[in-house]
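Take a look at this single chain in structure tokens; it is the form predicted on its own.
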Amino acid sequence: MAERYDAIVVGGGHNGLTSAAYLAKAGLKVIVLERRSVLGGATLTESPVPGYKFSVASYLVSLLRPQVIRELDLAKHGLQMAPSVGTYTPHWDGYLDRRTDHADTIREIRKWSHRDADNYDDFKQTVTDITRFIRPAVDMPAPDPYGDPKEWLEYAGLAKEFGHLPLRTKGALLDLITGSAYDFLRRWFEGEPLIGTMSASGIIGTFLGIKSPGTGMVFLHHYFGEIDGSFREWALPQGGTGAVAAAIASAAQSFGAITRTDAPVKQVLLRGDKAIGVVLESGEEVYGDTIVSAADAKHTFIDMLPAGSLPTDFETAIRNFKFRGSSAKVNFALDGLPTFTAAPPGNGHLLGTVSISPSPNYMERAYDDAKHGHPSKRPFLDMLIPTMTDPTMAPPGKHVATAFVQYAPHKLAPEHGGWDNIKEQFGDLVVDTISEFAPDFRDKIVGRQIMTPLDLERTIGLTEGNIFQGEILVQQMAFNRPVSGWSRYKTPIRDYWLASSSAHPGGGIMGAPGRLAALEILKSKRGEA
């Protein structure tokens, strides 16, 4: 007779592994089924160029919840992170180099605008106040406005705190949620490289321009993060982002969870309206009392369930859930560090992020191309050289550079013929963009890996290549994620749960959807939900 589990987790990305760890820690018999030969999902380190390690998709950590780090004791399981020190923005007329040292940052900003330097502290305080207010919502299930009123009790403290916020902070919060990243930043700043760089937080993974309403919400989402209690700090995991998934997997296994790779799930098995197991593409059937999907909403509800399983209105809502992949990744193996034309002495500016976002107009024009189905002729790039802090990712004296690229629309205009036709051309475009500011960059390249939106979809399983498993839009957040009335990880199928970034509070290397889903499942098993 086939072995039976208390919980089957479909998908071995960081959220699936997090759910498995919490369920196993509570004493459940858990198995994780991952379709690829390696765990991690988009939180992945691989070596497509021999001797060089790439963070293939995700590349920085900030949103990973401190509860997950603490409660799973990830440091004991090998997780080490080094801070990403500042952001360097090359410009045609110089550069902006914002470091963690506050006085140095103010001096850098003052080079471009005295007004911006004078306003910078006020901006930081306002955003910090907003973040401190709203951050608890990231660590609680979203209340269902159509469900049990008791769910709102968890938010009573948040509502009380909102009443105590200064009026100007309330106004800024509402502006962020409903407006654009650009308009929000213009309240304080005027300098080209400062606004261009900071507005990038409003478009990452989103098919909108910096001046589009809704990008303020994306901007806010990226400010939830912290490292060691410090807001808006980013870190590089030692060994690449795959080290995050490896640590969580190790924690899950230490609690007794079983992980299986090369085990793609074809369909969820149902008995009436109840999930009872899964069937793998090999034909093997695995049975469990609870099925947890860490796949995105489309895979969870459209691809893995038998046709006709869902209520019509729910299925319609899932089919209307916006993915709209808009970004790509290009990873480089280098035989030396690039030299930027305009940069401070030494290589300190390469310890953090290199942001090719020289002006708001540059950023908005990049979106103009994408609106018509074209990769941006001059794209926004967020580039890191992780070997500056972790030399183990390349041979001695060599380096790795990883470039997040936007815009790269999943749906291309017909004249391109598809991503496979223009993949290498796109990689060359990225090289040209970096080389505009660092002319020797192309000469340093000894290998590269291009991950188009189509590659992210085919290889990692991200629908339309969307890195957040659904866009971070205000209409797709909180109690609307993924479907209004179904935000608390339950689904219309009994004992079938959603624990991916398609659920509240959204995407990024966060672990919150996985953790919160597991806690809700455990409450349900105790008869509390």
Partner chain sequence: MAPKKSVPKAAPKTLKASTKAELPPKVQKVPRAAKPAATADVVVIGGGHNGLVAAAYLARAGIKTILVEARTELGGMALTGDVDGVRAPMLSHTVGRFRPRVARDLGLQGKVKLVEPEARNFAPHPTNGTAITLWRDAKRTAAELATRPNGERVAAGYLKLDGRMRRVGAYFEKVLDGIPPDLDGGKSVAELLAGFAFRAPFSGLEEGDGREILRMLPMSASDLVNEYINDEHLEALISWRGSRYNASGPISPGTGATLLFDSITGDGADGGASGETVVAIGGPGALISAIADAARGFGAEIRTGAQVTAITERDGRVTGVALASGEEIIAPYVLSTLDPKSTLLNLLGVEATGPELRRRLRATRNTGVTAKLNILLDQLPVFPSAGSAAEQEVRLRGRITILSDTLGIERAFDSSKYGEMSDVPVVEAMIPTLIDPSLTNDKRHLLSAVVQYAPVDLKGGWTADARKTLADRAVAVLESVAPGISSHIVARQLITPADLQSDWGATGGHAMHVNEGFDQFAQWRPLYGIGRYETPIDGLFLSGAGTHPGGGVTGAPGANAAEKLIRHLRRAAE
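Fair warning: this is a prediction, and the values are worked out from it, not measured in the lab. Numbering follows the first chain given and starts at 1.
Not on display, but discussed next: the form predicted in complex with its partner chain.
Participant: Any of the heavy atoms of Phe479 lying within 4.5 Å of its partner chain in the model of the complex?
Facilitator: Output for Phe479 is yes: heavy atoms within 4.5 Å of its partner chain.
Participant: Spell out, yes or no, whether the shortest heavy atom distance between Arg271 and its partner chain in the model of the complex is within 4.5 Å.
Facilitator: Looking in the model of the complex, residue contacts with its partner chain do not include Arg271, since no heavy atom lies within 4.5 Å.
Participant: Can Tyr287 be called a contact residue for its partner chain in the model of the complex at 4.5 Å between heavy atoms?
Facilitator: Contact check for Tyr287: no, nothing within 4.5 Å of its partner chain in the model of the complex.
Participant: Though only this chain appears here, would Trp188 touch its partner chain in the model of the complex if you measure heavy atom gaps against 4.5 Å?
Facilitator: Result yes; Trp188 sits at the interface with its partner chain in the model of the complex.
Participant: Could you tell me which one of Ser62, Ser484, Thr45, Thr463 places a heavy atom within 4.5 Å of its partner chain in the model of the complex?
Facilitator: When its partner chain is considered in the model of the complex, the option within 4.5 Å is Ser484.
Participant: In the model of the complex, which of the listed residues (Tyr367, Phe441, Phe323, Phe380) lies with a heavy atom within 4.5 Å of its partner chain?
Facilitator: When its partner chain is considered in the model of the complex, the option within 4.5 Å is Tyr367.
Participant: Among 92-100, 343-351, 395-403, 177-185, which stretch has residues with heavy atoms no more than 4.5 Å from its partner chain in the model of the complex?
Facilitator: Flagged stretch: 177-185.
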